[in-house]
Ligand SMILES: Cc1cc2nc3c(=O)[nH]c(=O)nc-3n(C[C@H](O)[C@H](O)[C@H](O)COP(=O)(O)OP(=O)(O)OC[C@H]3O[C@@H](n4cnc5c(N)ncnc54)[C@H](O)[C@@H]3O)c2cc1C
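Only one chain comes next, encoded as structure tokens, the form predicted on its own.
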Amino acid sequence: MVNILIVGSQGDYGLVGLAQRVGDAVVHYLVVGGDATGLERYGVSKAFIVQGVVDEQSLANAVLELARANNYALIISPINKFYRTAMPMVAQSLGAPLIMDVTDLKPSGDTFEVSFNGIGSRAQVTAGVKQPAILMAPPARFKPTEKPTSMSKETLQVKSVGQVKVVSTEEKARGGVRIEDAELIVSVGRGFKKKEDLQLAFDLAKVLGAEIGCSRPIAADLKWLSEDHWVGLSGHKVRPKLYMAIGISGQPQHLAGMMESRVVVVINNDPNAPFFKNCDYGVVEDLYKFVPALTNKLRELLKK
């Protein structure tokens, strides 16, 4: 029987479903936010409950202490920005492999067969890994079965070891954009030479009734748009009926966020842009000439 530790908030209990695929295992849960109520329904035998607000490095140290004391074969966590920082520290200290975006798991002798989305979510990969290993996955992907058991609880006072002290946390201000829900998206990239030129895309989006998306450089580096618009592996994942990419080269990190779009249109003046291999319709043209002409034509046809 192997020991498994799940690290996450009380609401991340879907990850227990991933742990259950191992079969006969002892499942512990390090609760970072919440009180562990109800976890015993899914076979969690022990809950460690973190008190207060912790930073990534302090949490990583706490996980390491538990891992060394309990000899966990697997440590499983959600796949959000906080754990993307914390869990690599754990993996590096344990000398353990870390696998992101896990979709399935099963034991295979002394190892585990782990399936995950790889190559920018364009392929599903299965790899054999030895224990200990760190797995990260979206909790909503799994549904644990009920296996009621008695559960002990232990409050954990995590020592703050980070150079940055967390005083408080605030919800990030949103610009009212829910790009994940958009049916039509006009997305912009580094093909635009300056921020003011994005108005060309906004005009087109207005005619279409579309939301504006963008690639990583526009939101993260240049900050021409807020991160609400960011489409990609580290941004938002979208699945609109129409995704129109303007001036975006099509790197795997961006494709990972929009590959489930129904129809993809690419406008780029570089005929060798990788995006052309992943679209339904491609236009090799200068966006500064083509986009205004397209907007005017659509405005005429749609009478807007």
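The first residue of the sequence shown is number 1, and the count goes up from there. In this text the structure is predicted, and so the values were computed from the model without any measurement. What we label the rigid core is the largest C-alpha set whose atoms superpose within 1.5 Å from one form to the other.
Here the subject shifts to the form predicted in complex with the ligand, a form of this protein not shown in this document.
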query: Open vs blocked, site of the ligand as found in the predicted complex, superimposed, 2.4 Å to backbone or C-beta; finding: open
query: Residue 270: touches the ligand in the predicted complex, heavy atom cutoff 4.5 angstroms; finding: yes
query: Residue 111, heavy atom within 4.5 angstroms of the ligand in the predicted complex; finding: no
query: Any non-hydrogen atom of residue 77 within 4.5 angstroms of the ligand in the predicted complex; finding: no
query: 4.5 Å heavy atom contact, residue 190 and the ligand in the predicted complex; finding: yes
query: Option from 209-217, 147-155, 91-99, 67-75 whose residues, in the predicted complex, bring a heavy atom within 4.5 Å of the ligand; finding: 209-217
query: Partner-contacting position among 278, 249, 58, 261 - heavy atom within 4.5 Å of the ligand in the predicted complex; finding: 249
query: Listed residue that, although the ligand is not shown, lies within 4.5 Å of it in the predicted complex (heavy atoms), from 83, 142, 116, 230; finding: 230
query: Stretch 269-303 - residues with a heavy atom within 4.5 Å of the ligand in the predicted complex; finding: 269, 270, 273, 285, 286, 287, 288
query: Flag for residue 224, CA shift 2 Å or larger between the shown form and the other one after aligning core; finding: yes
query: Cα displacement of residue 197 between the shown form and the other one reaching 2 Å, rigid core superposed; finding: yes
query: Per-residue C-alpha change between the shown form and the other one, residue 188, threshold 2 Å, rigid core fit; finding: yes
query: Sense of the change in Cα distance from residue 227 to residue 141 in the predicted complex - at least 3 Å versus the shown form; finding: closer
query: Distance direction in the predicted complex for the C-alpha atoms of residue 140 and residue 227, relative to the displayed form (3 angstroms or more); finding: closer
